[in-house]
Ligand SMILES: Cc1cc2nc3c(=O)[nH]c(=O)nc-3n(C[C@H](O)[C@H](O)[C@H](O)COP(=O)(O)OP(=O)(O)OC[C@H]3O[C@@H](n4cnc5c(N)ncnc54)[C@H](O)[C@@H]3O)c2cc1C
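Just the one chain here, laid out as structure tokens, in the form predicted on its own.
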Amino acid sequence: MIQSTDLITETAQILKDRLESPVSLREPLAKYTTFGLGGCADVFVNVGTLVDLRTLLAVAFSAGVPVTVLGDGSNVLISDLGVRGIVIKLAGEFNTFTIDGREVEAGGSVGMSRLIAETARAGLAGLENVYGVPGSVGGCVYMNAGTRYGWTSDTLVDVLVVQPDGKESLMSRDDLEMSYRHSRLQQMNPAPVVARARFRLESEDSSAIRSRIAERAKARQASQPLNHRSCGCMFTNPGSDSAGRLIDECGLKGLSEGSVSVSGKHANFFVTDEGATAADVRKLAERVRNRVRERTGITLDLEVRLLGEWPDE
């Protein structure tokens, strides 16, 4: 729990003195998200090395200042009031990967789309099954991101994480207890930071892999509002049903709140226009949940993560 502005200022100064990575105050976060929404971070750090990550977490842990990890900014909704404490975005060495035979080791901030393209070029199959999922490697592990073709957990071997006190540990896929849109990391509060992940893939002709990617890209273009700002799917699918189908069945395509609306192309996507706010997105999500529950008896759960300070919390 943050006790005062003085604590934030003091902690920020300690980080500036001890880190090679840049530290800034009151950094606007909207530009780091696919929604383009959200307020400022009290302290923002682009962490470029494992040493700096360990130091930052240890300092924050000792001071009692919360740390929030921001990946590629998809699948998150940041409050208009911003995020208290320290927000970190992995960069530098966390944005690199290596290929050794059939094994791939990637930093937590490597974009999954980039990794899929590079492994396909190398004739390694498996990651293309999550093609179309926005976000970084760390975020995909945290959420066990997936599509109808497969999940992050299908090819994951293990992850190197840094615990809230700054200590490193290795977690296997079994340790992570991964299931639909879930990993054990989500139950750990505060959660460790995914520094690196290791995947084991299958050798295959690269042209065949790229052909599958092209087919899935075409289908994605036809079914998702890729030309509008969104954060991906708003709700998880309930059981074997589809959240998008349920929302559509309730006649909610086009429903709006302020400058946010339910996409007419895919009902599980919310899209924004100029003037949209995070509060509008959350209000619209509640309206959709209520309508679906009233009509079907099913309560939809948010897939998007709410980050920051919300007035009703």
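Heads up: residue numbers just count along the shown sequence, starting at 1. What you are looking at is a predicted structure, and each value in this text was computed from that prediction instead of being measured.
What comes next is about the form predicted together with the ligand, which does not appear here.
**Q** How about residue 69: is it within 4.5 Å of the ligand in the model of the complex, going by heavy atoms?
**A** Within the cut-off, so yes.
**Q** When the contact criterion is heavy atoms within 4.5 Å, does residue 291 count as touching the ligand in the model of the complex?
**A** Residue 291: no, not in contact with the ligand in the model of the complex.
**Q** Would residue 269 count as a contact of the ligand in the model of the complex, using a 4.5 angstroms cut-off between non-hydrogen atoms?
**A** Yes, contact at 4.5 Å.
**Q** Given that the ligand is not shown alongside this chain, does residue 166 nevertheless sit within 4.5 Å of it in the model of the complex, heavy atom to heavy atom?
**A** No, residue 166 stays farther than 4.5 Å from the ligand in the model of the complex.
**Q** Counting only heavy atoms and a 4.5 Å cutoff, which of 202-210, 96-104, 167-175, 133-141 contacts the ligand in the model of the complex?
**A** That would be stretch 133-141.
**Q** Exactly one of 114, 84, 181, 184 has a non-hydrogen atom within 4.5 Å of the ligand in the model of the complex; which residue is it?
**A** By the 4.5 Å criterion, the partner-contacting residue is 181.
**Q** Though the ligand is not shown, can you say which of 230, 79, 119, 155 has a heavy atom within 4.5 Å of it in the model of the complex?
**A** Contact with the ligand in the model of the complex is made by 230 alone.
**Q** Would all three of 5, 39 and 258 be in contact with the ligand in the model of the complex, where contact means some heavy atom lies within 4.5 Å?
**A** Per the other structure, none of 5, 39 and 258 touch the ligand.
**Q** Quick one: name the residues from 272-311 with any non-hydrogen atom within 4.5 angstroms of the ligand in the model of the complex.
**A** The stretch 272-311, when checked against the ligand in the model of the complex, contributes 303, 305, 307 at the 4.5 Å heavy-atom cut-off.
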